[in-house]
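Given next are two forms of a protein chain, the same chain in both, each as structure tokens and marked structure 1 or structure 2.
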Structure 1
């Protein structure tokens, strides 16, 4: 199987390298992306008129090529599922030894297999064996920084229409804030903020919000992902409905990206055991 895998990778790589020669030259004025006979000029001139979204990139991603972005969101969720099915281990088998820190003195204790484990309290705190060094400055600084990261992430999602940003960028920031907690404290601290089940449900909800918005357009008698149809439901002008539709799907993208990032980190950092992380 390993040989077959290598052959598949090499063949795909060879095909990609071979087809690179068919790409237009960098900056070619006659390339499909720059040619006046293609859609680029239309997007640049008509995006605001069609969507009331000043950020042309967001308008293109969430409206003009909304199908592609929806499938990208589904691919991200599929990556999380793949890591779950390939790595997740449900056997209740703990490590041969556990590490605890005696909080009053800062002394690190290693309890070997068969030894009596102290109850986690204000006196004894379990720590990950891979991340034994403990620094209050790092831990407290990260705790103070995380809320600001999350506020900025919400700003990036909400203002992706007007400035660089959107659902993918905001979702990455939200996911990074949870991962920062897990890295600066321990994996269990991150899981307390967002459980494995919570991450799976939020990732599913993000994809469902995107696809559900598209399906709602169908139910309202319009085309799939034609946000103009939402005007009937929201009692607003069609162009404003397109604006709000873009915002709704961006929120779905952000939820999916955040949850899948955290979900993948939990499984990769703990080798699927969710017992001790990086």
Structure 2
């Protein structure tokens, strides 16, 4: 197998290396992909005129290539579902023994099955069964950083029309903020902020917002995903309707991406048990 691997890699490598000299130079404005009279030129020249969105990437993503992005969102959602169905284990009983830390003294208690569990408070904190060091600095730093990450994520989503950004990036940032809570405290703290049910609902709501906007255009007597049709509903000019349609769709994408990132993390980090994890 090793020899076969080397052989394949060497043959592919030889082909690629012989052909690198055929590639256009870096930054060549006349290369086939960048040359005049192709689709990119049309996008650059007409995107603002067609959609009133200066960021051409956003305009292409959510309008010209709207179908692509819609199914991309569906792919992400089905990846989340796949992780859920592969890994999730529903068990009524928790682990046999639980560990609590008495915060003022730093003493760790192990309470076996049947023992009386102390109430979760500032004094007694439940910890994972693997050894957990004291983590005040990490926890408090993360708690300070998380709101700023979330505000920045909202800015990235809302300002995607005018600056680099949009639904995918903002959604990943929002997901990362919740994953940061789960990493810096423990998995249960993350699930407390955003439950599994919430993640599933938000993921499907995101896909539904996208597909629903597209279907609404169809119902209003236009083509699927042709946001011009929203003009009748919102009483605005068709171009502005395109602008707003892109925004609605980006919000749907952000919801779906955020929920799925968090959902995949919950399932992977605890191998589907959702009680102890990273």
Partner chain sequence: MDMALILAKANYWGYVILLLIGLYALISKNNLVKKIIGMVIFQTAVILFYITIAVKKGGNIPITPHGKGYVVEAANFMNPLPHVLMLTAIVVGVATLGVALALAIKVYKQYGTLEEDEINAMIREQ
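Throughout, rigid core stands for the largest set of C-alpha atoms superposing within 1.5 Å between the two forms. Numbering follows the first chain given and starts at 1. Keep in mind that this is a model prediction, so the values were computed, not measured.
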>> Does the form predicted in complex with its partner chain correspond to structure 1 or to structure 2?
In response: 2
> Does the distance between the two CA positions of residue 219 reach 2 Å or more between structure 1 and structure 2, the core being superposed?
Replying inline: no
> With both forms put on the same core, how far apart in Å are the CA positions of residue 15 between structure 1 and structure 2?
Replying inline: 14.7
